[in-house]
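The chain below stands alone, shown as structure tokens; this is the form predicted alone.
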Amino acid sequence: MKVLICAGPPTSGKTTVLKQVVKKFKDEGKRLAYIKIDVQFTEEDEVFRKQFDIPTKKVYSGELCPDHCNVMIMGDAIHWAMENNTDILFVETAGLCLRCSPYVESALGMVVLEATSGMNLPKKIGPLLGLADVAIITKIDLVSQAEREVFRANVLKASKVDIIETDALHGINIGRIVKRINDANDISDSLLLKGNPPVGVCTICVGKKEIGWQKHFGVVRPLEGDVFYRGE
């Protein structure tokens, strides 16, 4: 079974891209499954189930960041997909933590970025782009050729990643994405997160609300100076 983990900022066009890709694979007779990880609301799972008649699930991360939730549920998700005799599992995640990576080593990591989001976006999203296998640049019909070239160049400055530009609403270049997925390896039995997670759990993550580094311990930082470790 192949696993595609699709991440990207909100409104970047992840769902639109995946709908086009799923339609192509359905036409080829592939057995597909879809999972959506979001923070507190999503209905994409219902859309994929009704439109394509495939098994779907949704997971709300709630108090966890979506990338943390992705790591926690991925083992169960792969087992569920295999029980449904799935050829390709699509995992669409909100990926809102720009310090973490939602990608798994033997899965295909795909980040979706919209060309209209600003030229500096590739410099801001860290491992979400840096550890991806392929970057999909969407909404190319809404920017000039010069803007497309600058955006593409900034993506390549941030990561030596394969780039596919698409107007997903009209199915432009979807065939290239399908080929990239077909060429991907099957998921391995040993699942490892791609890339290193952040350095430790902070006291804010565990619910401490006080303001000011003096009120916290572990890895902290002041306004002036670098990060350092402060004991309890």
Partner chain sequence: MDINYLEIIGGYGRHGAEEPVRKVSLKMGDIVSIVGPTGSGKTELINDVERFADDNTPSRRRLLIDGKSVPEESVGDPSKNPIALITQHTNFLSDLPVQEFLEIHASIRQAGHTESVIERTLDFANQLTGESIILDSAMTELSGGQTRALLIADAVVIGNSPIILLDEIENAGIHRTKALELLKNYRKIFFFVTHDPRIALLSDFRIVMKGGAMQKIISRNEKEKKIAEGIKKMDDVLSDFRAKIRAGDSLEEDEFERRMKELSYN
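Residue numbers count along the first chain shown, from 1. A quick note: this is a predicted structure, and the numbers were derived from the prediction, not measured.
The same protein has a further form, the form predicted together with the partner chain, not shown here; the description that follows concerns it.
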**Fill in**
As a check of understanding, the residue in 72, 82, 98, 142 with any heavy atom within 4.5 Å of the partner chain in the model of the complex should be identified as 142
**Item:** Selected contact from 87, 133, 105, 147, since only one has a non-hydrogen atom within 4.5 angstroms of the partner chain in the model of the complex
**Value:** 147
**Request:** Give a yes/no on whether residue 159 approaches the partner chain to within 4.5 Å in the model of the complex, heavy atoms considered.
**Result:** no
**Message:** Is it the case that residue 172, even though its partner is missing from this view, gets within 4.5 Å of the partner chain in the model of the complex, heavy atoms only?
**Reply:** yes
**Prompt:** Is there a heavy atom of residue 176 no more than 4.5 Å from a heavy atom of the partner chain in the model of the complex?
**Reply:** yes
**Prompt:** Hey, in the model of the complex, does residue 167 get a heavy atom within 4.5 angstroms of the partner chain?
**Reply:** yes
**Request:** Look at the stretches 72-80, 125-133, 151-159, 106-114 and give the one with heavy atoms within 4.5 Å of the partner chain in the model of the complex.
**Result:** 151-159
